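Take a look at this one chain, the form predicted alone, written out in structure tokens.
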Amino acid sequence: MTNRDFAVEVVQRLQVAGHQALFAGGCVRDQLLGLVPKDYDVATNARPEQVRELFGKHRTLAIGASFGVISVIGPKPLLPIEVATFRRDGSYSDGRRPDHVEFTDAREDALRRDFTINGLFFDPIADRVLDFVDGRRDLDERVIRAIGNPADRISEDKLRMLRAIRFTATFDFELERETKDAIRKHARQISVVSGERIGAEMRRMLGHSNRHLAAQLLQECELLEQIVPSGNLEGENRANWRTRLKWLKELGAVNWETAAVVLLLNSLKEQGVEPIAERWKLSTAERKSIAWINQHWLTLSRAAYLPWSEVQPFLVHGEALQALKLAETALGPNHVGVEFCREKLKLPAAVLNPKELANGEDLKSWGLEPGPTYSRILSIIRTKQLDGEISSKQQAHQIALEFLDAVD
């Protein structure tokens, strides 16, 4: 059974029980675009308590019951299906969630959603699309358009400004003029959105191959300067910005952190990674990844002219391929440093990263007292090993003794 099969089963069971039940939102949009939905949501006129009664409390979770949402749990490893009662939203005093909801019908439920392409319903039993917001037209015309008054949709949930840009870029659609104007007008209000939600949207934008389109729209809608330290173009060479957009377009398959380095080049140069890590609530691993790639991609571009002992530790780092991809994009695939690193990375693991000739236990067995000199001695031995000056444990032993004699 697939996720879709399970979702159809949920719809069918609700309909057999006398309720209206439909696929809703993104899964309908993706299906009409010829994409495979990642998950399925179901909308129904059944009340939350009726959904729980129908499927049983042991198979349902009422985490979102106050908003009319019940999760129906299927057999593993299938994803739960969120079953939401048709609703009309009240005011949004926190700019994120409605203060209260009123249960209603499918048409009213469609009208409270964000964009027309996300306001579609589909009956998988009757194989019929229900469209109350002209979403099919906008899918055909490849347009992202707010449902109703764009300013109202944005005032309800400020994150919708970033979602509009993500959908526009991801699908390579056009952002409808009034919706775009409303985003630009309300851009400063993105400050009320939590860093976690902003970071989640930026990961998805920068992790997609159309990341350059997202960056361009962020700039045009005046959102970039609100979510990125030093994100505006004031005082920045516009040619530099165009170059970064070009790099974002040409990066290809890289992780989102590498794309973030390109987008954030100026900010990282001026302020380091901490301001953006705090703004987007990055994990420790994400922060370290961005900082490492930003610090070392140019080092890799100079690799052909550096001692191997300086280059090798970078090439065996977990982010080496990402940094090299950035260097290749910025400098070209035939750049001497890029070619040097690419060839070195083809070496067998035992050659690229040979086993160390000595460790702390070796130093201890050679009669060296533990202390702060250990790391220095081991570093000297490793450097000479990588640069081909020594190749045996005996030679490493001799280096250690010579170091101690020099210190004494």
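Throughout, we count residues from 1 along the sequence that is shown. Remember, predicted model here, so these are calculated numbers, not experimental data.
Heads up, the form predicted together with adenosine-5'-triphosphate (ATP) isn't pictured, but that's what we're talking about next.
adenosine-5'-triphosphate (ATP) in the predicted bound form comes within 4.5 Å of no heavy atom belonging to K325.
Although the partner is absent here, R145 is not a contact residue: none of its heavy atoms lies within 4.5 angstroms of adenosine-5'-triphosphate (ATP) in the predicted bound form. When adenosine-5'-triphosphate (ATP) is considered in the predicted bound form, R166 lines it closely, a heavy atom lying within 4.5 Å. Within 4.5 Å of some heavy atom of adenosine-5'-triphosphate (ATP) in the predicted bound form lies at least one heavy atom of D41. When contacts are defined as a non-hydrogen atom within 4.5 Å, all of R29, D114 and R160 contact adenosine-5'-triphosphate (ATP) in the predicted bound form. Only one of T299, N118, N210, S267 comes within 4.5 Å of adenosine-5'-triphosphate (ATP) in the predicted bound form through a heavy atom, and that residue is N118. For the residues R88, H335, K288, R204, the 4.5 Å heavy atom test against adenosine-5'-triphosphate (ATP) in the predicted bound form is passed only by R204. Residues placing heavy atoms within 4.5 Å of adenosine-5'-triphosphate (ATP) in the predicted bound form fall in a single listed stretch, namely 18-26, out of 18-26, 394-402, 381-389, 5-13.
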